Structure formats: C-alpha cells, structure tokens
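Here are two versions of the same chain, shown separately as structure tokens and labelled structure 1 and structure 2.
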Structure 1
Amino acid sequence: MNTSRRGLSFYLLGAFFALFVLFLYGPTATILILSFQGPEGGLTFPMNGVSLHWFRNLFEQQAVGDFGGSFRRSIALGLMVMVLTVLFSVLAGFAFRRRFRGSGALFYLAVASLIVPSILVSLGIGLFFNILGLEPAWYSSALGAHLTWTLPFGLLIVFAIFNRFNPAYEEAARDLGATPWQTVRHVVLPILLPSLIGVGLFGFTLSYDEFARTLMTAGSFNTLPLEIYGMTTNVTTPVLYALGSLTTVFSFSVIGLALLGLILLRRHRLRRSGI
C-alpha cells in the first residue's frame, strides 16, 4: 500500500491549521514589526525606517500613561494571585479527596464564576466594596476578582491530578513511620510539584493580562492591561507597539522560566534516583 499519497482532507486540514496560526500570531508579529518604526514612523505600514527609537521613548517621561507603575502593579497582583491560587487549590484538593456533605454543591459553586460574564463579576465586586464604604483597589477588590477567574482553573487541574494520584505512595510512607505532615511534605508535594508549577503559571498569566475583571475593581491606579487600553484612545505613535512587544517578550520569558524550572527539577530527580 502506498502510504505517501495524502488525501484531500489532509491538505484542507493543513490549510485550516495554517490560517489558525496566521490568525493567532499574525497580529503579534505585526505589532512587533511596527514597534521598530523609525522616529517619523506611524501606526501603520509602510515602515519609515528601522530603529529602537520607540523603545527608548517608552522609558522617557510620557505625557500620558504610567508604564512603570502599571507594570509593577500587574506583576505584584499576578504574583499574589499565583500564590493564592496554588495554595487554595492544593488545600481544596486535599479536602475533596474524601466526599463530605455538600461537596458537590460546593464544587459547582466554586467553578460557577467561569460561566458568569467577567464584566458582571467586576461590576458586582466594585459595587459591593462601595456599599461597604471601602475604596476599590488593585490589591484588594481586583485581587478577589482575579481569584474568581484563576481559582476554578486551579481547582479543576488539581482535582484531575489527585484523581490519578496513587495512594500507595502515602501508605508506604506511613508504613515506614512517617507522620501525616511528613507524608505530605516529603511524598505528596514533591510528586505534585511539576503540576503545581503549571497551576502557578496558569494563575499568573491569567491575572497578568486580565482586563474585564479589573476594569471596575482596580480603583485609582491602573494595571498594565487597563493602561494599554487607555493609551489606545490618546496615543498616536508606535510607542504603544513598543510596549506591546516588551510585554509579549516578558510573557514568553515567564513561560520559558517555568519550563526551565521543570527541566531542572526533572534532572534533579534523575540524579537523586541514580539514573
């Protein structure tokens, strides 16, 4: 049988995949290219020279936009969300390993925020803070709004991990005299660690670029997505593209560091096992 011949469906699926990749990465590539416009360049093609002018301009005093402050707030908020997402997801994973009364209703209540429009969650939390007489802020109300987005994903991932977790490891540790805490610390958590790194990365990235749930909850100080959105109405130079390019590079760098951490962790385990 000649296996080298490919049917029409192969080429149709290949063309569809190529269009998908173009749709996914085309805008990012366009912004990256236009961010290297010359000093007299505009927001569209054709290119008017090639330079790093707009990247340098990004770090100069701007008439509009607080790039540095909004970036630091987004990083801080993303890190807080990451830590809390991992912590609460792991604790919930341990709690749900044994069924208890109301566990099903509690689970569906926890993940229900995934189907609620994000802007309504943001509006509701912002109004709730106003009713309580509290000022919405990125480190309080926005933190809670982001957790309604990241925690359900963290819970689903951790529950899936525990569903395929082999309890024989814990039983072996207890047979060797380990206490419950020692079993968790030296057996369960090291096995779960690669997956928990993924949960943390998921939580950070979802928070870092979240716009809708931040819109009504950030208070007086913008996060980076809100700052970029505000710039689209009053910035008419490629400095906006330069900012987009830097944030894209930062996002890929975070993913790369997470993958590097997983590789180093795997090598460390192989050395300890003598393989």
Structure 2
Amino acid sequence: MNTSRRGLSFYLLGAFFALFVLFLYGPTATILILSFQGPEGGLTFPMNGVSLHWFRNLFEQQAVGDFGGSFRRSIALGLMVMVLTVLFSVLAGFAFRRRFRGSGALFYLAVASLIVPSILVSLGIGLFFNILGLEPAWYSSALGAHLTWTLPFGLLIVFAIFNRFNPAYEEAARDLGATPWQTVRHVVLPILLPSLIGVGLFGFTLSYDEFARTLMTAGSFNTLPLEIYGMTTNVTTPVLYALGSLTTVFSFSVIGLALLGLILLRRHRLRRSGI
C-alpha cells in the first residue's frame, strides 16, 4: 500500500511487471534483430552475418504476392475506416447525450458487435454479398467488416469523452446567443479534438492490422495482413521478419506522428491563449 517505506511486495510486484514487459517485447525484438540476418542466415539464431539483404529482397519482385499493392490498399482502407469511425461515433455520441427511442437497442447492438467472433462477421458479409450477386472488395465489404470492429470501440471512447465533458461551456455559448451549430463548431469540437485524434488513430490501427474480418470480404485483392498471412505459410526466409519489422516500424511512426500532432496542437493553443 501507499506507506512511506516500500515493502518487499513492491519489489516482487515490480519484478513481475518487468517480466511481463519482457514477455510482451522480447519476441518482437527478436524478429527485429533477426531481420538483419546475412544473406545466408535462416529463421533462427545464430546470426549469420549482418546485412540489409532481406529488406532489399522484400522490395524486389516477390515470388508470392504483391507487397506494395497490399500495403497501399491497407493504408487506403485504414484511412477510410478512420474517417468513418470518427464521424459516425461522434455523431452517435451526440445522439446518446439525449434520450431517443431505441437508444438501448443500439447500444446493445454496438456491444454485440464487439463480442461476435470475427470469423462470423467475415462469413456473414461474404455470404450476404454472394447472395446479392455482388463482388466483395476491400473498399466495400471489407470496409463494412472493419467498421463492425472499430465503431463500437469509437463509440465507447466517445462515451468516455462526453462523460468528462463539462456542459457549462455549451450553456455559456448558448447564453451568448450561439446557434446549436455554432456551439458545436466553435466550442464542443475544438475541446474534443485531441480525443477525436485518438479515436481516429485507434480506428486506423485496428483496421490496418485486421485479418480475420478481412478474410472473406477482401475480394480478389489482398490487404497487408492477408499478404503476411500468405507469406507465413509459403516463405521460409527472414524476408518475413523484414516485412514484420517494417510494418511494426510503420505502426509506431503513425502513432508517433499522431502524438506529435497532439503536442503541436496543445502548444499552438497555449500560444493563442497567450500563456
């Protein structure tokens, strides 16, 4: 407990925490190191020289699949999912601040969306398109499949945001004669903006990494996770690790850029408010 002296339990729990972090990061660090294997190196240690061979190999024409195309599709899909997730969940968040008929049912539908196994969403949308005679594609059926995963998360985050939101700001805006739209545009949205960046980031990364929901819905062109999955069954060289390292670095850059954006935004606001 929060006694002034740290007891044995603190150090035991601290050690447990350190082991947990090692468990989380250890394997990923291993493939990061192994992706720099020499040209003769294999999938395991020891390192057989150090080189960028497998990264170069990745960008050459692959025997299997289309790495560049699937990467571009994943980014485009992630961006679409991001925009729709922010838009839909914020709108719904506004709706849930007031009473409306069916709000309970909609809430449970959103929660159900989180617990329905991904393979079912994949199968259901695949069959639905099949019966309608539509061709599944990454920008239609896969987009919908990803939204069933990102929208409930987005909605839950928006709920949390509105719970902390002080309605006094809106009251003040109304008292000064602002129309509802002006209140939202000039008061509510600027206050929510940092959290909305968080929702968008969440939506993008969830979609960028989604595999099971894309399986039956991507149509004839793969997204990156499908491509990686294909490689796990075919490829037995460290080029797989190079791809893993590269996509991991990309994920982290996206998060880093978003965090940087948040910091700049905050600094900009502080400067504007003259502090």
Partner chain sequence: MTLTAETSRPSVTAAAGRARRPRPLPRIAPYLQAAPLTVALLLFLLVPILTIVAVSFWDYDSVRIYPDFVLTNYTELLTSPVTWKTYLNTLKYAALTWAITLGIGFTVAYFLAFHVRSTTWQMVLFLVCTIPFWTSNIIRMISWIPFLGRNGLLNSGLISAGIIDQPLEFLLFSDFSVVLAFVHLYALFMVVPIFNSMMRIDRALIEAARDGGASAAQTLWNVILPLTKPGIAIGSIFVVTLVMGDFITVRLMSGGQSASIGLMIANEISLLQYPAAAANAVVLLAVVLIMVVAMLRVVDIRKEL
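Residue numbering: sequential along structure 1, first residue numbered 1. Here, rigid core means the biggest group of C-alpha atoms that superpose within 1.5 Å across both forms. These numbers come from a predicted model, not from an experiment.
Inset, instruction - Specify the structure that is the form predicted in complex with its partner chain; exactly one of the two qualifies. - result: Answer 2, the form predicted in complex with its partner chain.
Inset, instruction - Answer yes if the CA of L257 moves 2 Å or more between structure 1 and structure 2 after aligning the rigid core, and no otherwise. - result: No, the C-alpha moves less than 2 Å.
Legend entry - Distance the CA of L12 travels between structure 1 and structure 2 [rigid core superposed, Å]: Comparing the two forms, L12 shifts 3.1 Å at C-alpha.
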